[in-house]
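Let's start with one chain on its own, the form predicted alone, as structure tokens.
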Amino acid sequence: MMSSSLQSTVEKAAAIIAKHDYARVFSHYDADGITSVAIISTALLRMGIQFHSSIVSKLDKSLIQDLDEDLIIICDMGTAQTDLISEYLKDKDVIIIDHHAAPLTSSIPSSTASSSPVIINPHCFTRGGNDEIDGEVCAAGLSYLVARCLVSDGARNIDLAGLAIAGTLGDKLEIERGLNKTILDEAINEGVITIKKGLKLGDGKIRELLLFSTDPYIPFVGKPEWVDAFLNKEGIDGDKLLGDLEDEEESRLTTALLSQIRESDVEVPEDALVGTTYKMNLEVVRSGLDFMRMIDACGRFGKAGIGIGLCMREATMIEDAKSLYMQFQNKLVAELNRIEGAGDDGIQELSNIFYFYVQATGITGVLAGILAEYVHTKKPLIVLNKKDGTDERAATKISARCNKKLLAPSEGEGVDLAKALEKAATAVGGFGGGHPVAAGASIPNGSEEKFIASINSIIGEQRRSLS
């Protein structure tokens, strides 16, 4: 159920939107950001409100101060820029639909203030230090709540719930809890989504699924000879579609994969491989995992328009989106194999972190997430993407990830990567932030060693504070 304060804020945002005939919409480039902007854009289209949507990697001062539209909607970002938004857009109607925490140096302003933007962010809704919203909610889920209030000509926008679930899958949040479960239950009841238990590999030929399965991580990913030997041993036709397997065959494949994982050095929980799968009954790509992965790849390759088109049910976008996803997986698998074979030149270990420099571009965050969740799980993993050249203004991009078990105070851990990266990046003249389990930063070229030493120290302090 939605709390009364969240409900009133969502209704306030919807009422403001309904007063306008044009909107400028911004969002982030990952699966959550793209599904968010698609939900809002579709709802606006159905209301007859014209709009211009853009996907951006960040909101900076130059972008914000040049905005002149009367209604501006910002999805999956904006919380960290509320000071700039309040300063430069105080005479505009601004709606921020976000789920990121505010930076350490600022706080989220109240949406009741006339000079502030309307902010729909779970971090706004706390009472006595406790969250009013049960579970983590992504921007797509919050965008769906707004769309549900933007009713036009009998269209309740419930059919957009599939996009909200795809965004939730993209951000790897728990779906069977709290507000996410409310959205899921509504989607199931309305026939938007069908769920079942099975292998969480997506759709396609079994050999290809295993060869490119990075999440969940299969030990022989990227090794065709290993995949073929495995399938031959189990007597399973690799050219067969996963969905065409008989129950006995799927059970045999599942048992064999779990056995293979247990014999390896990777940590893949059984529920990462086997569990609830989501069929998107109204989308042009039916598998929820494939749908999310294709959208995400579009954004990371700078082709977010294809991802948005896919979300708006343009079947002509399927092949292009599928091609981008396979390009993305090829780059990802190649980099995983490079790291595995790099030896001492690969992942480095310090007292409180793992770190390494990535060679490929556009896959840094996903690569870090896979390694932190399945391979290097004992400490946070910091990945640096350093630009070539000597230009002092050049920035090194940082992606940090950690296994969720490092967040649990009961285990003596207390890692918060968002706070750690913000502090370490600021100390070297950069900036950073994000979520406790997944964060990013940008630092000046040449400051990498100082940043690594700083982040190692900060993570050590976080872990000691709760030990």
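The numbering used is simple: start at 1 and walk along the sequence shown. Everything numeric in this text was worked out from a predicted model, so none of it was measured.
Although it is not shown, the form predicted together with cytidine-5'-monophosphate (C5P) is what the next lines describe.
Within 4.5 Å of some heavy atom of cytidine-5'-monophosphate (C5P) in the predicted complex lies at least one heavy atom of F431. A residue is said to contact a partner when one of its heavy atoms sits within 4.5 Å of a partner heavy atom; S442 meets this definition for cytidine-5'-monophosphate (C5P) in the predicted complex. The shortest heavy atom separation between R207 and cytidine-5'-monophosphate (C5P) in the predicted complex exceeds 4.5 Å.
In the predicted complex, no heavy atom of I64 sits within 4.5 Å of cytidine-5'-monophosphate (C5P). From the list 47-55, 399-407, 66-74, 34-42, the contact stretch for cytidine-5'-monophosphate (C5P) in the predicted complex under a 4.5 Å heavy atom rule is 399-407. This chain lacks the partner; the member of K322, K172, K223, H100 within 4.5 angstroms of cytidine-5'-monophosphate (C5P) in the predicted complex by a non-hydrogen atom is H100. Checked against cytidine-5'-monophosphate (C5P) in the predicted complex, the residues G309, G238, G198, G365 give one hit for a heavy atom within 4.5 Å, which is G365.
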